[in-house]
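Here's a solo chain for you in structure tokens, the form predicted alone.
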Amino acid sequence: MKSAPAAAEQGRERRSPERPRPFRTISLRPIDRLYTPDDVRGVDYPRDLGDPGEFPYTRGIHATGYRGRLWTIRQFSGFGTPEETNERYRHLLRAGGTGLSVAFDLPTLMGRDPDHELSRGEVGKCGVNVASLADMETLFSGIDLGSITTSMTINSPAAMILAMYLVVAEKQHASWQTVSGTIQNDILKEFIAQKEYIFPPRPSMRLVTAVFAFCAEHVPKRNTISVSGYHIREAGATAAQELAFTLRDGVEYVQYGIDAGLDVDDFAPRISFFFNAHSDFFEEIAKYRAARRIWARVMRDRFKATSPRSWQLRFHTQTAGVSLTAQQPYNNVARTALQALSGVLGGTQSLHTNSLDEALALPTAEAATLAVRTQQIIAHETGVANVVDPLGGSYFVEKLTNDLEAEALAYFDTIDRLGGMVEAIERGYPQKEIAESAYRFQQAVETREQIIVGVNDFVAEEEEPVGILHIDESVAARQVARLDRLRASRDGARVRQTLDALKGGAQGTANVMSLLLDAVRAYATIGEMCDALREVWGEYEEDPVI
């Protein structure tokens, strides 16, 4: 015989049946109707959660959360020439941004100069074109690199771009001991997802560890890598896959650093992470909490790191570009605000909010300003910065956190059995997993099991056009002309000498960072430096994964 409460509950269900649809997260994870203490049975507070600022940092790495310091408000920005992007940076700082985040164009990301035939049609289009130290000097003209934190999203040529940045700081008389910020430098996710690689995996990993070693000695406050799940998620990964592949990439970097002779506690504290804030609010919050717990335990137990700073996962968040729609673009303001809020409730240290027009073009100044204002409203008007981990203890959030952790660790086991992340990438394992997830999600959209407002439901017959930022081909002409003037004015013999030294270092076992700095100071271009390494290491061509 049913109890009175059970009978009442059954009666309510008869009166209010559930909607005929699958209840799942955006990762297609099934969700129960109700979560209770039974779902978190076995969770031990000191072991699995801990107070904020205490191992395993599930609830945050700082005891005071945002009561001590707000997250860094960044806007990922770059387009056209260095002069145009410099003007945008000044605008964003005046609007209240507290950090810069540099977007580079495709030629720069691929280590090509603007006059290379493969650069045609791409110069300045998806980011700023930077070919040499002269461009980097212009990019940060009037911006004090000793006092601003700068994140630079570049991977295969990351060491070259970092060298340019450090020489600009040097010219500004800013001490390398105090220069802070982040260079992405995450080559593994390029092989997995974004595909902007140049060299094969193993010499590419050598460049990564060269940056680790150099910065540990000379640039101690600079984050030497931003291990990026963002692009993995944008390629179609689920939340659990983003969590698993990102953190397992981090494990691989730590192992390679140790194998290169570095002490784990000398370089691990400068490893940072970069996550996507997607549209499923609670799943994203749980993902960030699980990430901190996994990383803390891996660093302490697997790598025997003894410094708490090595255990603490610090991360930047960017709202989900792939979620933005060209249809009804003002809907993107709401999407971005909610995604940003999930990053804040998950404890991010740094945040970028996408602009409403990014499904159409690079952001206009007005759209970028609104994106900054979105963060400021969250910070100063909602009250969410008053409490650390306000959703901690929620049966639903804690169960999601546990489930995501378990699924991520199962991926860890598979990758370990394959020999590591480099070996898994060479066999196409993470690429195939992501492709299958992307296919399943697209099926859900096409069958309308997953609703995208304005795309497959609530569609508008007519829409007002939105003004967009247009980058024309004059940018390429101006950058090529600048490059011609540079080559005519620099000391050609000195450039050749530094490039020959770079090739020699690449053939041996030297840390090439000092050689790259010499080439940068001689105004060698990014294409020339990458070509020197291409001659030694070759270029990578991926076997297609079907």
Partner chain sequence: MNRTIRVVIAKPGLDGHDRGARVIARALRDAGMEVIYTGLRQTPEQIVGAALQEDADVIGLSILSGAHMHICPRIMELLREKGLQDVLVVVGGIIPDVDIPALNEMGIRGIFLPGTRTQAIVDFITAHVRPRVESI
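Positions refer to the first chain, counted from 1. All values reported here derive from a predicted model rather than from experimental measurement.
In what follows, reference is made to the form predicted in complex with the partner chain, a form of this protein that is not presented.
Chemist: Are any of the heavy atoms in G261 no more than 4.5 Å from a heavy atom of the partner chain in the model of the complex?
Modeler: Contact check for G261: no, nothing within 4.5 Å of the partner chain in the model of the complex.
Chemist: Evaluate K189 for contact with the partner chain in the model of the complex, applying a 4.5 angstroms cut-off between non-hydrogen atoms, and reply yes or no.
Modeler: Answer no; every heavy atom of K189 is more than 4.5 Å from the partner chain in the model of the complex.
Chemist: Though only this chain appears here, would A193 touch the partner chain in the model of the complex if you measure heavy atom gaps against 4.5 Å?
Modeler: Contact check for A193: yes, within 4.5 Å of the partner chain in the model of the complex.
Chemist: Can any non-hydrogen atom of P220 be found within 4.5 angstroms of the partner chain in the model of the complex?
Modeler: So P220 does not count as contacting the partner chain.
Chemist: Please pick, from G419, G467, G121, G383, the one residue with any non-hydrogen atom lying within 4.5 angstroms of the partner chain in the model of the complex.
Modeler: Result of the distance check: G121.
Chemist: Since exactly one of V167, V388, V455, A213 fits, which has a heavy atom within 4.5 Å of the partner chain in the model of the complex?
Modeler: Comparing distances to the partner chain in the model of the complex, the residue within 4.5 Å is V455.
Chemist: Non-hydrogen atoms within 4.5 angstroms of the partner chain in the model of the complex: do P46, F281 and Y395 all have one?
Modeler: Checking in the model of the complex: none of P46, F281 and Y395 is within 4.5 Å of the partner chain.
Chemist: Just one stretch in 336 to 344, 177 to 185, 244 to 252, 357 to 365 has heavy atoms within 4.5 Å of the partner chain in the model of the complex, so which one is it?
Modeler: Comparing against the partner chain in the model of the complex, the contact stretch is 357 to 365.
Chemist: Out of 229 to 244, which residues reach within 4.5 Å of the partner chain in the model of the complex, heavy atoms considered?
Modeler: Contacts from 229 to 244: R233, E234, A235, G236.
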